[in-house]
Each structure stands twice: as C-alpha cells, then as structure tokens.
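Quick heads-up: it's one chain on its own, the form predicted alone, in structure tokens.
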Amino acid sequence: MLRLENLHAHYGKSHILQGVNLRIEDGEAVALLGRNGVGKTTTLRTIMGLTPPSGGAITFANVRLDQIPAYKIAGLGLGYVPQGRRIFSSLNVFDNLCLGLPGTPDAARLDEIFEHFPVLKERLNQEGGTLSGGEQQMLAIARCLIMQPKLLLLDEPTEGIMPKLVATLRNEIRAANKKGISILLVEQNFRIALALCTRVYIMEKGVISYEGTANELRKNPDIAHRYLGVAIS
C-alpha cells in the first residue's frame, strides 16, 4: 500500500530525513517511534506533500506521491491527523467535519461517525475552539474518517489528553483499523503504540534504526530502553 524508499527531506540547510525506508501493507497498523526531533512528524508531512522531499520515492497504491501536488494526495485515500489537531476554532463541529467533502455528507455516513463519537453529535453547533482537547482530537479524527480513507496518518493523537479520553481514542483507532483502514501512528505513549500496532519502526536522526513486531519489542525490553529510553514493565 505505502512505500517510502530512501526518502530525504530538508528544512533549509538542515537534513532531516536521511534515507527513510518504510512500508505499510493493506489493513496494517504500524507505529513510527523515536525520541523528540528525530524526524517522525517530518516523515508524515512529507508523505502528505506538506514538506517537499529532496530525494527518494513515496508510493501509495501504485501512485508516486512525490510527483503530484499536495492538494491531490488526500483524494487518493490518505487521511492526516496532525499534531496539535489543527481544527478551525471559529467553525462549528459540523462545518469542521464537512471541510474536506465536496458536499453535505449523507445521513448514513454521519450516523456512523456519531456512533463512534457521540459527543460530537451533542456539540454539533458548538464552535470547535470551545471543545476540550480530547473532544478536539475526536473531531480531528472524525474529520478524516468521514472521508473514508484507506490509510490514516496519526501524529501524537493522545498528547495532552486526559487518561479517560485516551482510552476512548485508542478504542476508536483500533475500531477504524478493524474496518480495514491502515494506520501509521506516531505516538510517544509506548504502551499505546504496542497495544494498537502489530509492527514498529524506530527512528534515530532521520533514519530507521529498528524494524520489528510489537511482540518482539515486548520480549526484548532492552531494545525499547536503548532506542527510546523507556522501560517495559
């Protein structure tokens, strides 16, 4: 489904991605882990065309994403939930939900979203900026899901969210994956990443330093400690 081959990206003279190789198959949930500043967010932004690559190839469903304009990428079936949510605070929940659609969604599609995120139905006419952080994150995810993506890119979806709502978000991400939506998850909460994903990439200084399964990481806690500085209890 998605292939990153020897991907490079720069911010000015700073060489951020230095030959990233990564793959995601249909229906997979894959985590991209690493310490702060190693290039995880840049990887997602480069996939979506928001940071132009300076070398390598990005292929999604046999289309070279690095060779088409950024505005066409979402239409191919990629959904992106950026770090910080990036909802429009002055628009109400309904208008935020419909932003990427060519028209008003049909009732069945809305009902499916509200089945998973009932709080959004309760706040449909409320301005996005007045929602709590967790509710805004639900809105950001719902805004992608209503477009029926094939692959969902999630950048730190549980950051700054109350523990009670973290569990809700985790369950909804898992539910989306069970429906066949592939997931690429950037997440600082190591345990959530292992609970949601079957494969893991660990990034260091703009390259992939480790690739393995979630089960392999659970059985080898020294790997997590070496690359991420976390302990698996």
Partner chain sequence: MPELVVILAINGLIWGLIIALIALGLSIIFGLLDIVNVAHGDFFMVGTVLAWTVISYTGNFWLAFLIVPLIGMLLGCAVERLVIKPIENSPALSIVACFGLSLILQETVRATFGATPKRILDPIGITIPLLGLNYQIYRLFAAAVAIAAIVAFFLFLHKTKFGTWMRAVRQDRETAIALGLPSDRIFLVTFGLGTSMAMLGGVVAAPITSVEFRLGLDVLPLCFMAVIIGGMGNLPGTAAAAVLLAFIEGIITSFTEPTTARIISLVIMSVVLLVRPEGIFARRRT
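Numbering follows the first chain given and starts at 1. Keep in mind the model is a prediction, meaning the values are calculated, not measured.
The discussion below concerns the form predicted in complex with its partner chain, not included here.
### Query
Taking the shortest heavy atom distance, is G160 within 4.5 Å of its partner chain in the predicted complex?
Output for G160 is no: heavy atoms all beyond 4.5 Å of its partner chain.
### Query
Hey, in the predicted complex, does A70 get a heavy atom within 4.5 angstroms of its partner chain?
Looking in the predicted complex, residue contacts with its partner chain include A70, since a heavy atom lies within 4.5 Å.
### Task
Answer for S90 alone: is it within 4.5 Å of its partner chain in the predicted complex, judged on heavy atom distances?
Contact check for S90: yes, within 4.5 Å of its partner chain in the predicted complex.
### Proximity of M48 to its partner chain in the predicted complex, heavy atoms at 4.5 Å
Although its partner chain is absent here, M48 would touch it in the predicted complex, with heavy atoms inside 4.5 Å.
### Task
Check, residue by residue, if L2, L22 and L65 all come within 4.5 Å of its partner chain in the predicted complex, counting heavy atoms only.
Checked in the predicted complex: no contact with its partner chain for any of the three.
### Query
Which one, L131, I113, C98, L151, lies within 4.5 Å of its partner chain in the predicted complex by heavy atoms?
Partner contact (heavy atom, 4.5 Å) among the options: C98.
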